[in-house]
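One chain comes next, on its own, written as structure tokens: the form predicted on its own.
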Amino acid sequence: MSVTEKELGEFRAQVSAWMKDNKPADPGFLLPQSFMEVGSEQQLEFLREWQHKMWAAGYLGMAWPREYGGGGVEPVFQTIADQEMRRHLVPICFNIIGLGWAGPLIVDTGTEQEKVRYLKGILSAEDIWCQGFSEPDNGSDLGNAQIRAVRDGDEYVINGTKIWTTMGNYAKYMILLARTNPNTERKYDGLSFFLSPMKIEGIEARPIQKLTGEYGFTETFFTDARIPADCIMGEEGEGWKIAMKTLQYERGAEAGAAGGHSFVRVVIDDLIEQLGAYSRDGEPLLQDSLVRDQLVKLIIEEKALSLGDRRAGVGPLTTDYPFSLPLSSKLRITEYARRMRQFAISLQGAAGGLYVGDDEAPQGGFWQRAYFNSFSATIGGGTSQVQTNIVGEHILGLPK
């Protein structure tokens, strides 16, 4: 059944009113700028309660089936809810690996048992998920994953190490890519995909401190860890295919996410507002012709990114390179975010060297922290270099 513009308008007003009335007050401690900076139990519990509250109100998982905790409505309603979350600057949804990657994968390809077991806990924030793809010795070479999963009766025995495991120390489950057969002709054929429990003997997640001083990532060690054999998704040897499907969700090329915004909204308008307080040689910084030229270029780029998202949904406008916009969105958005934040710091002059905790840091060091944290997004889900290769090979048809 089609949805009318009137219905959508009324829904937007409803969501907006709810967000205004229910937006949490400042908790008095530093909140993460993205799901990759959740580094304390205090932050975790605050965000867990907020996500549960939004789900209970019906604003998460709106397009997922009702029988698994979702809302069973058209995806456009979730899009509107997400837009209002960003507009009202409410706290982030931290369980994004479950909401945006593992959950959609299970909705689309999981068994009935998997849907019943996992989906509601993802939405309610009861069950936190992490991702076990990258390894210390292989980086972005996902196809060369070496962690071993050996079948032993009704269990798999896992040995090896994963790294950059976001919230691995808090997670209840991991989407895990492991090698079940080391002797295949093609390395991709020996990989399998697991929905692995984390709170079991033999799995240790050690937090990694980042440049910002915050945590969020872990290195995860598997030492004779035994997981049930029914944790495998699909069949042995199908891990690469399933992992590539998962990465399409992560890189924005597939729909199906449960919703929620995973990053603090930082847009060019925020930068312009900040510039109003700065001056150079006694003149407002916004009057500087070079600053204005650089600023206009960023404004144009941000607008193009926004319009590109809209264009991606209009088939006749993408016939030249189908899927070019979704497949390149992760590269374009993360690199823009990094450069825009870097520009903001450069305009602070000597004060740009101050950080969170320095009394004289402009805006409490917000832009410095945002800049350092932006690198996480240019690495996670495939580095910008890997993303550039994807554009070259899969969109432009260039040779490997």
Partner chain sequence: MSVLGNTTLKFSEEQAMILDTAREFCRDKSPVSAVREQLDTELGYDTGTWDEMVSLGWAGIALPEAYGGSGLGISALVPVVESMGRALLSTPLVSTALAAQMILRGGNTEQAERLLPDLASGTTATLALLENADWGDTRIGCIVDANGTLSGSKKYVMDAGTAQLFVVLVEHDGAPALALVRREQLADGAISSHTLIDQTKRAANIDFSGISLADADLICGETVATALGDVLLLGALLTAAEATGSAAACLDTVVEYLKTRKQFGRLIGSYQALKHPTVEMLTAMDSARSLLYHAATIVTDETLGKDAEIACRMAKAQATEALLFAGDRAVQFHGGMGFTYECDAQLYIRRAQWVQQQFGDSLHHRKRLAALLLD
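Note that the rigid core is defined as the largest set of C-alphas that superpose within 1.5 Å between two forms. Note that this is a predicted model, so its numbers are computed, not measured. Positions refer to the first chain, counted from 1.
Only in words, not in the display: the form predicted in complex with the partner chain, which the text now covers.
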Location of the partner chain contact in the predicted complex, chosen stretch of 209 to 217, 98 to 106, 122 to 130, 232 to 240 [non-hydrogen atom, 4.5 Å]:
209 to 217
is_contact(residue 325, the partner chain) in the predicted complex, heavy atom dist at most 4.5 Å
yes
Answer with yes or no whether residue 395 is in contact with the partner chain in the predicted complex, where contact means some heavy atom within 4.5 Å.
yes
Using a 4.5 angstroms cut-off on non-hydrogen atoms, would residue 352 count as touching the partner chain in the predicted complex?
yes
Using heavy atoms and a 4.5 Å limit, would one call residue 388 a contact residue for the partner chain in the predicted complex?
yes
Give a yes or no on whether every one of 73, 87 and 366 sits within 4.5 angstroms of the partner chain in the predicted complex by heavy atom.
no
The one residue among 371, 68, 59, 35 placing a heavy atom within 4.5 Å of the partner chain in the predicted complex is 371
Contacts from 371 to 385 to the partner chain in the predicted complex (any heavy atom within 4.5 Å), listed N to C, are 371, 372, 373, 375, 376, 378, 379, 383, 384, 385
Is residue 365 one of the residues whose C-alpha moves 2 Å or more between the shown form and the other one after the core fit?
yes
Against the rigid core, is the Cα displacement of residue 24 between the shown form and the other one at least 2 Å?
no
Closer or farther: how do the Cα atoms of residue 99 and residue 331 compare in the predicted complex versus the shown form, where the change is at least 3 Å?
farther
What direction does the residue 28-residue 348 Cα distance move in the predicted complex compared with the shown chain, closer or farther, given a change of 3 Å or more?
closer
